[in-house]
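Heads up, what comes next is one protein chain in two forms, each shown on its own as C-alpha cells, labelled structure 1 and structure 2.
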Structure 1
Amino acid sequence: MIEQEAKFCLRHVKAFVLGVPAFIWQFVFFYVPLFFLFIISITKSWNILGFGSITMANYWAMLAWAPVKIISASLLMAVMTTSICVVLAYPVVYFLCRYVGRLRSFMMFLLILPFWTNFLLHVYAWFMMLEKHGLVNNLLIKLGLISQPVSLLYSYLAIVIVMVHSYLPFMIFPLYSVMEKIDKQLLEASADLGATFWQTFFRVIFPLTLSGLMTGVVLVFVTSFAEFVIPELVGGDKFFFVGNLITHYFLVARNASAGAAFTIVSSLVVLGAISGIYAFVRSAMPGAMRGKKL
C-alpha cells in the first residue's frame, strides 16, 4: 500500500518535472520581462543594484509631438496596409474557392510559400526592383513614361508595397479557411432569389467570412504597426515608425526607461485600435461575430 502510494507520488513528480518547464519558460522569459518593462518605465534610474524612485516622467514625455506623430504615422500605415491587403485578398480567395478546381491546392501552395521563406528576401527582391537603376525604373523609361530614373526606393510608396507584399499571406490564409467552408448552394439560392452579385457578396459572403477576415485584420494590423525592418531598409532614414523608435531607444540611445514607456504606450494604442475595430464590427453586424473571440 505504502509502496503503491510512493509509486503514485513518483509518477506525479515525473509529470510535474516534464510539464512545468513549458510554464517556467514562458513565465520567466515573457511574462516577467513584460512586468519588468513596466517597472523600468516608471522608475527614474535603474541598474543591477536596484531601482530609483518612482516617476511618471517617461509617460509625460510621450505626450510630446515626436512620439505622438510616430504612433499616428504607424497607425496610418497599419490601416493602409490592412485595407490594401483586404482589397487584394478577397477577390483572390473568392476566385480560388469558386472557380478553381483541380489546380486549387497548387495555387494555395504558391500562396503559402512566401510565408515560409525568409521575409528579408522579399524585402531584398523589392529593393532590387525599385532601385534607381532597378527594373521598375528601366521599364518606365522604356515605356517612355519617364525620361530620368526616379527614386522609388526610400519612399513612402516603397514601404507600403513591401508591407503589402510581406503581409498579404496573413490575410489570405484565414480568409481562405472560412471561404472554403461556404456552401455553394447558398450562393445559388441567393442568385435564384434575385440578388445581384454585390447583394450576394454583402449579405451572404461577407457575413460568413467575417470571422476569418477579422483574424487576418488583427494579424496584419499588429505586425505592420510594429514593423521595423521594412521602413529601415526601403524607407531610408526619412520615415520613422513605432518599431524604429523602439529600436532607437533600446539599441542606439540606450534609454531603456523611455523605450519601455514608449513600448507600453504603443502596445496599448494597438490594443485599443483592435478592440475598437472589434467593437465597431460587433455593433455594425450584430450576430455575425457571435461566439467569436479574439
Structure 2
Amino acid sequence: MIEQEAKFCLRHVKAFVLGVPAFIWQFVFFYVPLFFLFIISITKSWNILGFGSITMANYWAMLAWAPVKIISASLLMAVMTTSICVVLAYPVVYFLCRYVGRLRSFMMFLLILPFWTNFLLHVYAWFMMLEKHGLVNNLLIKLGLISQPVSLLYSYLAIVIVMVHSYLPFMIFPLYSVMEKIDKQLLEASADLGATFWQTFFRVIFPLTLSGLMTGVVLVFVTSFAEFVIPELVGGDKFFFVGNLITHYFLVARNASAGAAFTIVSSLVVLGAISGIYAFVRSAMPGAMRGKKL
C-alpha cells in the first residue's frame, strides 16, 4: 500500500516538474505582457521612459460607436467563418473516418501540407483565383453561370472565402481526433434500430464529438476574430476589423494607451462569447462535453 502511494506521488511530482517549463513560458510570454498591456491602457500617456498619470478615459472612449461597430463586425465575421468551417468539417471528417481506410494517413498529410508553406503565400494565391480573369471567373463563365467577369477581390465574400480556407484545418483536426475514436458498433446499432443518417448524426455522432467541436470552435473563432492579414490584403481599405484597428492605434496613430485599451476590451468580448457558447453547450447537452454517452 505504501509502495503504491509512493509511486502515485512520484507520478504527480514528475507531471509537475514536466509542466513547470510550460507554466513559466506561459507566465513570461502571456501574463506578463498582458499585465503591461493593462497598465498602458490605464495611463494618460506612455513612452519607453515611463508611464503617465492613471486614467480610465481610454476605456470610456471604447463606448463610442466606431469601436463598438468594429468589434461587432469582427464578431459577425468570426461567427460566419466558424459556422461555415463547422458545416464543411463534419462531412470531411466523417468521410476520413468511415470511407478512406488505408489512405487516411495520406489524406491527413494533404491537410497538413499547406502549413509547410508561408501563410502569406496562401493569401496571395487567392489573388490569382479571385481576380477578374482568374480561375474562379473563368470557371463560372465556362459553366454559363455568368456572362462577364465579376469583381470578387476586395469584397466581403473574398474575405470569408480566404478565412474559411485558412482556418478550416483548425476545425478538422480536433473533430477528427474525437470522431475516429467512436465505436463503429454504435453507428451500426443505430442503423439496426431504424434510425436515419441524420438521426444517427444528431443523437450519436454529434454528442460524442462535442469536445472536439468546442476545441475547433475556440481555435477558429478566436483567430478569425483578431485576423489582420486577410482583411487587409483581400479586403483592401473597404473593411475595418479588430486587427486593423489595433494596428492603426499602435503603428499609425501612435496611441499605445488607446490601442491597449481596445485590445483588452476586444479580448474580454471574445472571451465572453466563447464562455457563452461553452455554457450553452454544457447546459443543452450535459455530459457530452466530458465524452459520456447520452
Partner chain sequence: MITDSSGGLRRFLLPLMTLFVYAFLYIPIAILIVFSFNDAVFPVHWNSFTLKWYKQLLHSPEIIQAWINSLIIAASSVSLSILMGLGLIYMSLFVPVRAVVRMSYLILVAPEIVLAVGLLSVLSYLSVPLGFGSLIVGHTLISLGFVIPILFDRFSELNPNIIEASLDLGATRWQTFRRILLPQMTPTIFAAALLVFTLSFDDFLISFFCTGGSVQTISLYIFAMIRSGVSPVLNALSTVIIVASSLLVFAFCLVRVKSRVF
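Since the model is a prediction, treat every value here as computed from it, not as a measurement. By convention here, residues take numbers in order along the sequence of structure 1, the first being 1. Note that the rigid core is defined as the largest set of C-alphas that superpose within 1.5 Å between two forms.
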In this pair, it is the form predicted in complex with the partner chain that is given as structure 1
When the two forms are laid on each other by their rigid core, does V20 show a Cα shift of 2 Å or more between structures 1 and 2? yes
Inspect the rigid-core superposition and answer whether the C-alpha of P149 shifts by 2 angstroms or more between structures 1 and 2. yes
Does superposing the core leave F228 with a CA shift of 2 Å or more between structures 1 and 2? no
Value in Å for the CA shift of Y31 between structures 1 and 2, taken after the core is superposed: 2.4
